[in-house]
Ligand code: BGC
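In structure tokens, one chain follows: the form predicted on its own.
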């Protein structure tokens, strides 16, 4: 019976290339529909209002603030321009007291501003900004916001563990700016971004061929550079750069071609947002361990391979996490000792046979492989939308990916790379590269602050750019 459950799972999670090509085509189609008009697609295709990405020539001292969970990070980045790039980068991570995550907005942003002020005061050479110019800050805020400009955005809703009612519908930039002023901190918020946009910016700073920034971590999202004249819903004058970074919010993507099992359906039905974020529930780190747990639970209820056991832990939602299944999937010990340890520690499953442990590894691999292959189809969809899925123009395209799932789950990363090459074909895949972008959401915020800075905006003329940067140095 256990083997039959696994065989059925393998069959239902199958992702042949024709199916993945349909998923990629559907992604490209949904992207176009989302650009056409607001609400035109399940993929929101939000305007980030970031029309200037870092070029690598920026100079000066800039700050980043990354808020996306129970901790936040503050960064100070010294940019040296041209060949020097990031001369120095200091950062500090701060835990948010639990009571502030459900209190008032003034308490939360007041705490963040006070910690930011301490960080600035502690850093030598940061207290005096030359020429009386304000410090420039890039703010990564990884919660749903509706943006109207590059430095303003109203909070749509809180996610994760946050629940601060008086902040919903309010401009989070204004909230933070007010809190900083109360701290006597002379700092200007130059840009509001999310982690996918930050990843794109951080990677683009070092490589001009980066076209997209992707997050595969607890959740998933994507941002990419679109031609402004290809965005019908963009109102008003087109940006001078001719480009616009799009925050896709692609976790909500859905296609009838997605291979969905009974375990996925149950997970979705019991989630806080049934019917939403289907692509994310198939591909991101928050859910992969939970899918495996549900498969193991079914096996335990219909077979005796786990012996007489207490089902309490195995019936507990989200008790088995993706790092656990990653450890089991990568177990190279002869007797799969790590698998045995993880089953006992997390699910109270003891005294398993080697054959049973092999079956568990296969389940982990099936779930991770499906996730990675669907992730690759999403990347192929972006390349298709940009006309970069073939080698006709011989243009290099780099996709930067950040997030714990991509960074730490080796097999996920390997399956993604292999599948994308298969989808593109031998010739086209030669001009496409996938790179790991470490800490994009943090340093990317500071880099976008630099590129958006009223003092450091680069002109197309090299001489004008040189003069602008000269006045902007912090030495």
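Residue numbers count along the first chain shown, from 1. Remember, predicted model here, so these are calculated numbers, not experimental data.
What comes next is about the form predicted together with the ligand, which does not appear here.
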Among 141-149, 329-337, 230-238, 78-86, which stretch sits within 4.5 Å of the ligand in the predicted bound form, heavy atoms only? 141-149
If we define contact as a non-hydrogen atom of the residue within 4.5 angstroms of the partner, is residue 219 a contact of the ligand in the predicted bound form? yes
Could you tell me if residue 195 has a non-hydrogen atom within 4.5 Å of the ligand in the predicted bound form? yes
Is there a non-hydrogen atom of residue 243 within 4.5 angstroms of a non-hydrogen atom of the ligand in the predicted bound form? no
Tell me, yes or no, whether residue 215 is in contact with the ligand in the predicted bound form, where a contact means a heavy atom of each within 4.5 Å. yes
May I ask whether 283, 407 and 436 all come within 4.5 angstroms of the ligand in the predicted bound form, judged by heavy atoms? no
Let me know the one among 303, 312, 159, 265 whose heavy atoms come within 4.5 Å of the ligand in the predicted bound form, would you? 159
Within 4.5 Å of the ligand in the predicted bound form, heavy atoms considered, which of 249, 290, 136, 389? 249
Along 224-241, which positions have a non-hydrogen atom within 4.5 Å of the ligand in the predicted bound form? none
